[in-house]
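Encoded as structure tokens, the following chain is the form predicted alone, with no partner shown.
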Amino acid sequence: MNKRWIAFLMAAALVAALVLGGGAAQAQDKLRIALISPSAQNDLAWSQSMADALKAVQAELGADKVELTISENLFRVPDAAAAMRDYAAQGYDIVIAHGTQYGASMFEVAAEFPEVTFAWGTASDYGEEEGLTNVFAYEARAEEGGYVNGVMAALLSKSGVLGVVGPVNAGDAKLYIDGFTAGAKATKPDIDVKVIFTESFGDTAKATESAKTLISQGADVLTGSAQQVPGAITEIQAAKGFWFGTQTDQAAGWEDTVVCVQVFDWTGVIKEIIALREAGTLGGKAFAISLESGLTMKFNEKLSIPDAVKQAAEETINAIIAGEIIPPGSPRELEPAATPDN
């Protein structure tokens, strides 16, 4: 090989290195967000609520500005923790650990990567006691929409029996179920609300069997939460009953059954996290979405719903926002009562 050819190859290699280096620098100009979720991003429930929100924000800001990576079905905490660490090491700007069970592991990883922003929910703990300044927390006041759904369910039920297919009695699932029960009983004090917990978030088979049991006990309206719900919705559809949902719109495929769903819209939270990070604040705040902002009661427009039921729902929504109705589990329960001026 002659010297001229060697020189040409060296020059080509240098140009390639510069081009690749420039491409890497350009890629780093993007805001890189990683989502770690315990179930599939199209689970019609918890994981989909965040995945849909992130995709909406990416579409609004532009794919050339925001890079989004989703790791789904990481229910096992050790697997999720490994993914968190891997994304942080790769230089992602924001890592979202979308599951209450991820908290302890996320705090450990966040301490190792103080320049990376972490977020998790549902939670209100952003690592203040641990001395962390790069963690955000977020939660949904699920008891609010649960209460509204309970009001409507009680009005629609002919049997006087409502059924709840719950996952684990914790987090937003507990808030939702407690709110649903309270709303139903406030509407009809003698209504029977039967609750079965599957002790799982994703066991569709258990949810199906639970729904069958509740229907056999007289329930003509069901509700429930988590990615297990498709089995329960299918059962109440077969029984020609009604379904009320939470987290993500579930009407598609069950247009004759789903009445209303409390939809979690995390887009506002995501945008604020991005804005705070760009302003130099990497963490240190807890967010909560509610009927006032972030929670939407989505009615199934393909199902005929009596006007009286819709009106009761709207009045209940307004009363909750105004503080005239305080569902169980609401932070407002802890607020001191107002005292009259003397």
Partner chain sequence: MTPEQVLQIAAQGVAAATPYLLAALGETFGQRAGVFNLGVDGVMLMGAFGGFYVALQTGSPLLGVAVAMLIGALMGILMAVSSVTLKAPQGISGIGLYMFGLGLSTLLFETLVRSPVPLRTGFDRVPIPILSDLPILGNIAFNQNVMVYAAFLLVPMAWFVLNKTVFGLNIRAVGQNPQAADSLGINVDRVRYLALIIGGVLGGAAGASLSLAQTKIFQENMTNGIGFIAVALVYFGGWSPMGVMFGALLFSIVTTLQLWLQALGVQISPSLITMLPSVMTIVALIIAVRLYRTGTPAALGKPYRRDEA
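Note that this is a predicted model, so its numbers are computed, not measured. Residue numbers count along the first chain shown, from 1.
If you look for the form predicted in complex with the partner chain, you will not find it shown, but the lines that follow are about it.
A.B. asks: Considering the partner chain in the predicted bound form, which of F197, F113, Y92, F107 comes within 4.5 Å of it through any heavy atom?
C.D. replies: Result of the distance check: F197.
A.B. asks: Which residue among Q217, S124, S159, T133 has a heavy atom within 4.5 angstroms of the partner chain in the predicted bound form?
C.D. replies: Only one listed residue qualifies here, and that residue is Q217.
A.B. asks: Specify the contacting stretch among 199 to 207, 138 to 146, 125 to 133, 260 to 268, defined as having any heavy atom within 4.5 Å of the partner chain in the predicted bound form.
C.D. replies: Selected range: 199 to 207.
A.B. asks: Should T234 be counted as a contact of the partner chain in the predicted bound form, where contact means heavy atoms within 4.5 Å?
C.D. replies: Contact with the partner chain, yes.
A.B. asks: If we define contact as a non-hydrogen atom of the residue within 4.5 angstroms of the partner, is P230 a contact of the partner chain in the predicted bound form?
C.D. replies: Residue-level check for P230: yes, a contact with the partner chain.
A.B. asks: Considering non-hydrogen atoms and a 4.5 Å limit, does the partner chain approach L44 in the predicted bound form?
C.D. replies: Yes - in the predicted bound form, heavy atoms of L44 and the partner chain come within 4.5 Å of each other.
A.B. asks: Taking the shortest heavy atom distance, is A40 within 4.5 Å of the partner chain in the predicted bound form?
C.D. replies: A40 belongs to the contact set for the partner chain.
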